[in-house]
Structure formats: structure tokens, C-alpha cells
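In the form predicted on its own, a lone chain appears below as C-alpha cells.
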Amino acid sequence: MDQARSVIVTGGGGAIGRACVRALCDDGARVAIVDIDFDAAKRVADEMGELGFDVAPFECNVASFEETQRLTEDVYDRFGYIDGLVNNAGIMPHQDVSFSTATMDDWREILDINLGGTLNLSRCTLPFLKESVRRRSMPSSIVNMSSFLVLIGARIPQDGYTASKGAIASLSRSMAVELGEDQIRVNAVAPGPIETPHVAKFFSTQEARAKRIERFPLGRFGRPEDVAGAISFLISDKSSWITGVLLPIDGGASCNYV
């Protein structure tokens, strides 16, 4: 990156979040590592700090508008500006099942964190992104986390999760149009199954893994680094004429009929 960006990464203490932090740092960014689990955020911050990167950990429940307001102010105080946001925080609970049997409490939790968290951070960060465009004469960028499940159905339903990620995809397009005149780009990524400890619980047997891998033309699950590389690209000026895009990162699964 020509000028060091200051980027917020939510869910930064998890596997994909950590990979995003590292990719952004490798591109020269200064990164606020945000997680509801402060210890997890601090572990990633300590690791990156030892490598000489300019990072800082923060604790925040993204479902709380008040907490996200405080967070963005604290990040601004720490780095002096904010010109990038990665809305990575989210949940995919194992009790998420069919819309016909899931409880409303389950749905509310999923929507509050996945969709509500994306909305909260985007709203609270927006004044700082606009200021950064004015002060630093460089476009700002938001990347939201959707899912390849918004492009295809699933025989094993995760309807609350899918609904929240579909809303994020639609919100991202609307935001891209609304914020384009402010020189703020908004895109979303749609990962397929990524090899993380959480996702591994869904495929606990070799048979279950093999059945899923058959769906991927590239013949493997995704890695956190696969998602992180795409996100770092969308945050950077290398994607300066890309906005309103939903980018599948799924090894080709969403285009595979059989």
C-alpha cells in the first residue's frame, strides 16, 4: 500500500481474522484487532507485534451499537485515522437448523451479531472513513463477510446463518451505491467452507469430509489465507475500481452442478 492504511478487523482473534490481520500487515497496514474475546485479540496482537507490525487489540461486542461507538473512537485515538474496515465477526452456531424448527432466540442472536454487527461497525466507522478521504486524499474501503451459501442451497440447512449472510450481501451493494460519491468502496466476500476448528466440527468424520470435498472442483477445503488474500486486495488501492461486488471464495463449489 502506498500510504499506510488504518484498518479495523472484527473477529480478529479467530482463524480467518488472524489471517486477515497478517495479510493486511504484510501489505503495510496498521491494524486494530477487534474481538469479543480480548485475550484472543491480544494473542494475535502480540504475535504480530513481535514481527514488527503496528497493531493494537480491542474488545468489543459488535452486536452492541454503544460498544461499537466506543471502539471506533478508541481506534481513532490510537491510530489517528481510520480508512479501512473488515466486518469479519460472526457466528455459525451448531443449533442453527431449518427455519421451520429454529427458535426465534436463535435467529435473533445470529441476526444481531452477523447483520447487526456489520451494520453497527459500518455506521460508527463511517464518519472516520469520510474524514480520512478528505484529510488523506485516498479512498476508504469496507469489506463485509457474506457466504457462498447465499448463492446455493444446502441440504443440511443453516437458515438463520444463510439469511443473515444474504442480507449482508444485499446491504453491501446498497452501501456501495450510497457511499460511492464519498469515495468509499464497499464489497463483500462469500467464502465456502474454510478449514478452521469451528468448521471442522461440522465434518467430524472422513466420510463427511470426503462428501463435501467432492463438491469442490479444486478438491480441497479453503484455508484462512485464501480469504485473507482476497480481503487485503479489496481493502487496497489495487481494487480501486471495484465496488458493490460479492466475491465467491469457494473453490468453485457455487458453480458446480454435480
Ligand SMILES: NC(=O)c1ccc[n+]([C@@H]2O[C@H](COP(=O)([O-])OP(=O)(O)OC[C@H]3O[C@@H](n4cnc5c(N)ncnc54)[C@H](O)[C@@H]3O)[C@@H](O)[C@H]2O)c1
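These numbers come from a predicted model, not from an experiment. Note that residue numbering begins at 1 and tracks the sequence as displayed.
Omitted here: the form predicted together with the ligand. The next part is about that form.
Heavy atom within 4.5 Å of the ligand in the model of the complex - the one residue of Glu47, Asp26, Asp54, Asp37 that qualifies: After the contact test, the surviving option is Asp37.
Contact label in the model of the complex: Ala228 to the ligand, heavy atom within 4.5 Å: Taking the distances in the model of the complex, the answer for Ala228 is no, it never comes within 4.5 Å of the ligand.
The ligand contact at Ile213 in the model of the complex, heavy atom, 4.5 Å: Contact with the ligand, no.
Any non-hydrogen atom of Ser140 within 4.5 angstroms of the ligand in the model of the complex: No, no contact at 4.5 Å.
The ligand contact in the model of the complex: Ala15, any heavy atom under 4.5 Å: It does: once the ligand is placed as it appears in the model of the complex, Ala15 has a heavy atom within 4.5 Å of it.
The ligand in the model of the complex - contacting residues of 103 to 141, heavy atom within 4.5 Å: Only Ile113 sits within 4.5 Å of the partner.
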